[in-house]
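The chain that follows stands alone, in the form predicted alone, written as structure tokens.
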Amino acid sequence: MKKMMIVLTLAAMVAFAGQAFAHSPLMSCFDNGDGTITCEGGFSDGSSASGVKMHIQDGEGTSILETKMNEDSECSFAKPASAYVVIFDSGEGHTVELNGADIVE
């Protein structure tokens, strides 16, 4: 029985080992109250988001602005006058989308 538990424990460790190294993208944005929006990004493992692509799209999905996170993992831009979406794009499976209506001061 003890050998069976050791084998099952090792099998579980191998099965979940890849997830231990996984990291999820994180982004938060806020309205500065001066007509600009600032977004901060990073990853769940503490990695920097410096250089990560940022896309701002209008309500129709048309690109308004494409930029990147700076060395402090931040990005600021002029607040669009109409509906918009902010997209933190660090690659396939690592994107975060935030509706502009959810960004508050």
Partner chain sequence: MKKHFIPLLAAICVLTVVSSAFAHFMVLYTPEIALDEGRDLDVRVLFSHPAEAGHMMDMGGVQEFYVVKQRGDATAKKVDLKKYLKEITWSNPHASAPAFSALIPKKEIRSMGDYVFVMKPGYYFEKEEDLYMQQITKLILNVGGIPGNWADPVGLPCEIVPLIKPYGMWVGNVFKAQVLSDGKPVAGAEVEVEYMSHMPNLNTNSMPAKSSVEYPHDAFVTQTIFSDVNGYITFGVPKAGWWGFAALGVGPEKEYKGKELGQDAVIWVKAEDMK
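Treat the numbers as computed from the prediction; the structure is a model and nothing was measured. Positions refer to the first chain, counted from 1.
Just so it is clear, the following notes concern the form predicted in complex with its partner chain, a form of the same protein that is not shown.
By the criterion of a heavy atom within 4.5 Å, Ser63 is excluded from the residues contacting its partner chain in the model of the complex. At the 4.5 Å threshold, heavy atoms of Ser73 reach its partner chain in the model of the complex. Taking the partner from the other structure, its partner chain in the model of the complex has a heavy atom within 4.5 Å of a heavy atom of Gly46. Its partner chain is not drawn, but in the model of the complex it has no heavy atom within 4.5 Å of Met54.
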